[in-house]
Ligand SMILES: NC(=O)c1ccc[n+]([C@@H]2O[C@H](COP(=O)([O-])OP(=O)(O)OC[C@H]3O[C@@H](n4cnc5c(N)ncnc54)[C@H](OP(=O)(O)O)[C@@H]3O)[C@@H](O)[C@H]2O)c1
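Just one chain is shown here, as structure tokens, and it is the form predicted on its own.
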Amino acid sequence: MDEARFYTWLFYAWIALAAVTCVVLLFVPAPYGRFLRAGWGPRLGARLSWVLQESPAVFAFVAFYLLGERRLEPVPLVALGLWLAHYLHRTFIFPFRLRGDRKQATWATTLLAIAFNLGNAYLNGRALTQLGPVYPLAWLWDPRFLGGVALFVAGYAINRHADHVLIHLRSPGETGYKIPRGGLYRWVSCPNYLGELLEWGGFALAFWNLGALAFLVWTAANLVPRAFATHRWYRAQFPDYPPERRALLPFLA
């Protein structure tokens, strides 16, 4: 089996696994953060978990990207820049902005996230520079590219602001949960997840390949169930939770 055929089969398997994962997560929230519970093995600090699980999205992605023959072409280089803008922050900056380092993750969930990021890095890195479409220079002003990059940037800004609000909810040394306010928190419980969906939806539109599509499907499979679970949790925990808020989409859901 050559790599192109292997890639195609992996893509379909990856999509099928995302569908199964989504169904499971609708009923059983992933056990980390506020949904951490017993029965998932040894725990580790949130900061270490973030760095370990997100590192393949930097190092493995760059390695797969650099293996491709089209690694120095303009459009793939833009994709590389957008990808690293997200993942360098998520891996090496965001974890160290967290206040405290409570053991809110497990080795089991961290290893699953590492496996996901390795597969995602392969599908996207190889699609951009070897196995996906060849992008002519004119792609830089194609409406799909321009609209996709705009969506990515908007999602990135939303995600960063939402994270900033969550990080500053607690004063140093303070524990417990509070109701986040400001920005898109006025309308939804999880603007951080909405931002990520916009980012990777924009990435899929801008680069129009199977790897980016697979990542968007997986992002939705993970974050949509988590957004609804988080929304229910907030409503159960806080009697004064704003009734006009939706889980993920303002005014809709």
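The first residue of the sequence shown is number 1, and the count goes up from there. On a predicted model such as this, the values are computed, not experimentally measured, just so you know.
A second form of this protein, the form predicted together with this ligand, is not displayed here; the remarks below concern that form.
Q: Checking a candidate spot here: are Arg71, Gln130 and Arg144 all in contact with this ligand in the model of the complex (at least one heavy atom each within 4.5 Å)?
A: Contact check failed for every one of Arg71, Gln130 and Arg144.
Q: Sort through 37-45, 203-211, 60-68, 223-231 and report the only stretch with a non-hydrogen atom within 4.5 Å of this ligand in the model of the complex.
A: It is the stretch 223-231.
Q: Check Ser49 for me: does it contact this ligand in the model of the complex (non-hydrogen atoms, 4.5 angstroms)?
A: Ser49: no contact with this ligand in the model of the complex.
Q: Is there any non-hydrogen atom of Tyr177 lying within 4.5 Å of this ligand in the model of the complex?
A: Yes, Tyr177 sits close enough to this ligand in the model of the complex that at least one of its heavy atoms falls within 4.5 Å.
Q: So in the model of the complex, does any heavy atom of Gln104 sit within 4.5 Å of this ligand?
A: Yes.
Q: Decide whether Leu166 counts as a contact residue for this ligand in the model of the complex under a heavy atom distance cut-off of 4.5 Å.
A: Close contact exists here: in the model of the complex, Leu166 approaches this ligand to within 4.5 Å, heavy atoms only.
Q: Can you tell me which residues in 1-36 come within 4.5 angstroms of this ligand in the model of the complex, by heavy atoms?
A: The stretch touches the partner through Tyr32, Gly33, Arg34.
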